[in-house]
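Only one chain is shown below, in structure tokens, and it's the form predicted on its own.
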């Protein structure tokens, strides 16, 4: 049986990307979306925060996904507050999904402004030019990613609206990636002393397996010393992603190393991206550490599913 502490192996080169890798002075580099390009290159679309506190999205590329990073000479997505006022305070935390039907990647990201965080969407074929779709989920909402193909003729998106009772993971549908409806609760935050009480959100995009969609999600526990951001797992039905099959009782990855515990926001591991290796059982999870730098943790899909089988149960159906 897979042991809890051996599920994820942190890369020896962690943190793999820091502010020092950038061509000019920035405050922090974290929360990257990730994709393995057709030529085998790993691209991270990183959240880069400048010393004003404003974030943009910036690409870094590596031949093996862990070293020899080449940072693009200019940002991929800068805030455009004159055209998109919802981006006045920055663009943050991208998730990347390949849409075979469109022949383009969908980048969902948080647009931040005076009105709060909103979910915006952009499309790209090459990570050089981008078509902004604009806001698809109004404030307060974030932590969103598409599924890579339609279900019943409709696109599906997981997202995390904030309500007066807390923050939970919801599912929405769209015929065209612009108009979204049929919002329904997918996974609710627990209450009380749980590691994922009151506030949860999607981590990377869903991971397709032969048993269903594997979901990694973050949970936030409030402590006397502040918030703890840790990672848990759930399994969704392949035929109906709105149906949760399993949900972990315990967290699987939490802040342990110094670069995860000390930074602008301490005690945070926050993944937004993953890649699969040439061996599709190898899962590379890219995460923001302490809102300051980027780490890489490696696990196996089969090992994670086996652990989930023995450390979870079928959750109660969410309230309508």
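These numbers were taken from a predicted model, which means no experiment stands behind them. Residue numbers count along the first chain shown, from 1.
From this point on, the text means the form predicted in complex with beta-D-mannopyranose, which you will not see here.
Chemist: Since the chain is shown here on its own, which stretch among 37-45, 267-275, 59-67, 251-259 would lie within 4.5 Å of beta-D-mannopyranose in the predicted bound form, judged by heavy atoms?
Modeler: Within 4.5 Å of the partner lies stretch 267-275.
Chemist: Against beta-D-mannopyranose in the predicted bound form, would residue 291 count as a contact residue? Criterion: heavy atoms within 4.5 Å.
Modeler: Yes - in the predicted bound form, heavy atoms of residue 291 and beta-D-mannopyranose come within 4.5 Å of each other.
Chemist: Are any of the heavy atoms in residue 142 no more than 4.5 Å from a heavy atom of beta-D-mannopyranose in the predicted bound form?
Modeler: Close contact exists here: in the predicted bound form, residue 142 approaches beta-D-mannopyranose to within 4.5 Å, heavy atoms only.
Chemist: Answer for residue 229 alone: is it within 4.5 Å of beta-D-mannopyranose in the predicted bound form, judged on heavy atom distances?
Modeler: Because a heavy atom of residue 229 falls inside 4.5 Å of beta-D-mannopyranose in the predicted bound form, the answer is yes.
Chemist: How about residue 86: is it within 4.5 Å of beta-D-mannopyranose in the predicted bound form, going by heavy atoms?
Modeler: Residue 86 lies outside the contact set for beta-D-mannopyranose.
Chemist: Could you work out which of 104, 211, 199, 132 is the residue within 4.5 angstroms of beta-D-mannopyranose in the predicted bound form, going by heavy atoms?
Modeler: It is 199.
Chemist: Counting only non-hydrogen atoms and a 4.5 Å cut-off, give the residues of 20-48 close to beta-D-mannopyranose in the predicted bound form.
Modeler: Heavy-atom contacts within 4.5 Å come from 30, 31, 47.
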